[in-house]
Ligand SMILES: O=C(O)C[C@H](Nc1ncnc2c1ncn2[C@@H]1O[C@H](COP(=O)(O)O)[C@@H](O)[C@H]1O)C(=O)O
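Only one chain is given next, in structure tokens, and it is the form predicted alone.
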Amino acid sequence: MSDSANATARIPSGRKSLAASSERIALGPLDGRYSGAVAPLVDYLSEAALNRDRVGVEVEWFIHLTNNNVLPGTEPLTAAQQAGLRAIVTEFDAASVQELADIEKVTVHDVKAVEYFIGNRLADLGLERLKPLVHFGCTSEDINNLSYAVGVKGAVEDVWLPAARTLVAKIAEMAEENRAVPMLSRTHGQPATPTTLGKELAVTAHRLTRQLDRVAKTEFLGKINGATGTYAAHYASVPAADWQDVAKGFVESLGLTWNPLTTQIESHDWQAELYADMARFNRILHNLCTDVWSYISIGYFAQIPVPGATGSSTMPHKVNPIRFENAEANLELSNALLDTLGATLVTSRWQRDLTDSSSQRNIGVAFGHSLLAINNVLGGLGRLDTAEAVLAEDLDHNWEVLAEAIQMVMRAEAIAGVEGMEDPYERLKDLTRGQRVNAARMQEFVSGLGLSADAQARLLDLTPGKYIGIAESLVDHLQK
């Protein structure tokens, strides 16, 4: 190609800036292409939700201090005043977000902006005199750690866990439906002792359920003990108060577990534990995606086409397993962030550094990629049909998998005193290794072994499709 032709093929320079568009254009896919799938997380893990929760923590701290007469000169608020303060949180909206942003431009400090945001509303509630009580005794991390804990707890309990449990219920449902469908196993990618499709799906459902049970037991910790965790400012200003009791009662009132020993920051160990459990769930789900993808590729599952959808831009016959491929990628992205968060958040230089602050802003992204993957897998599973004929044909082409059963029967016969049962492994190896054995050849071999009548009858009745042990009944463990 000539230089002039090359030049015309290039994307022209001087393009209009998309960032200058009057409409906000998302940089990342979670806020753009996939925003609908992850929208429920916005109420818990977005920057706006964090600010709303900061306001909520500050308001509840204000109410807690007054209701418990912690400081001389205060008294319990009226019901109307409490309702007015809490309305600052319940009515927090886009205008509130913008107002906070405008205040932060002046303070250049996000938590200080929250303090002023609340303070500006006290006069209308007849609480102007108590303006110094807002953020009393608090360092920014007192508010932040509690706000993150409240947000993460809500995201886990109200969004991520329900979605994950719905997916696991779908897998368990498929396990039940396919509990008696025989399937050739493939250990090391080679034909192996048959199982049932339902039992294999039950294994995954059981593994995922264990991780969800761990996530459900998460302790969400919090603290409110001042600049270096010593309550120094608290006791300097109000020495008569039992500040540990005040702090414990407040943290627990938010539905969190009180952490009595911290530096300036809450140590975040609970977050690392949670993210490790979520990442393990993701990895098990990733394993399901690759297995299902492989089963689709060999015809065990047929995909139900979506009306009007295009499988390939050039090959009209294709129905690609894109939901499982999309899920794989998003699970990997989620785990990259969850692993990083777990490693970063448990460390801090001396009593405080800001690495945790920057890291925690990506919690929502980690959750978002996992939630997107869960939705994709659920959608993908919902469009699968089990191709029982294909599974049966595969079994019928692999009679050599009965070699294990014959060998074990011969061993049992030898122990029972039946003669001629020497070297069963070697005899089966000569028959089956590196060659296909059909039904007739296998039955001929069994008939010539000299087995007892009962053992011979059992083996002659055995087929690859029947050689599944108690796989069918093992699915019942999902109900226990």
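A residue's number is simply how far along the shown sequence it sits, counting from 1. Bear in mind the structure is a predicted one, so any value in this text is a computation, not a measurement.
As for the form predicted in complex with the ligand, it is not shown, yet the points below apply to it.
None of 274-282, 199-207, 387-395, 105-113 except one has non-hydrogen atoms within 4.5 angstroms of the ligand in the predicted bound form; the exception is 105-113. Scanning Gln211, Thr139, Asn259, Asn376 against the ligand in the predicted bound form with a 4.5 Å heavy atom cut-off leaves one residue, Thr139.
Checked against the ligand in the predicted bound form, the candidates Ser253, Gln98, Thr90, Ser358 yield a single residue with a heavy atom inside 4.5 Å, and that residue is Ser358. In the predicted bound form, at least one heavy atom of Gln264 sits within 4.5 Å of the ligand. Within this chain, Ser147 is remote from the site of the ligand in the predicted bound form, having no heavy atom within 4.5 Å. A residue is said to contact a partner when one of its heavy atoms sits within 4.5 Å of a partner heavy atom; Arg352 meets this definition for the ligand in the predicted bound form.
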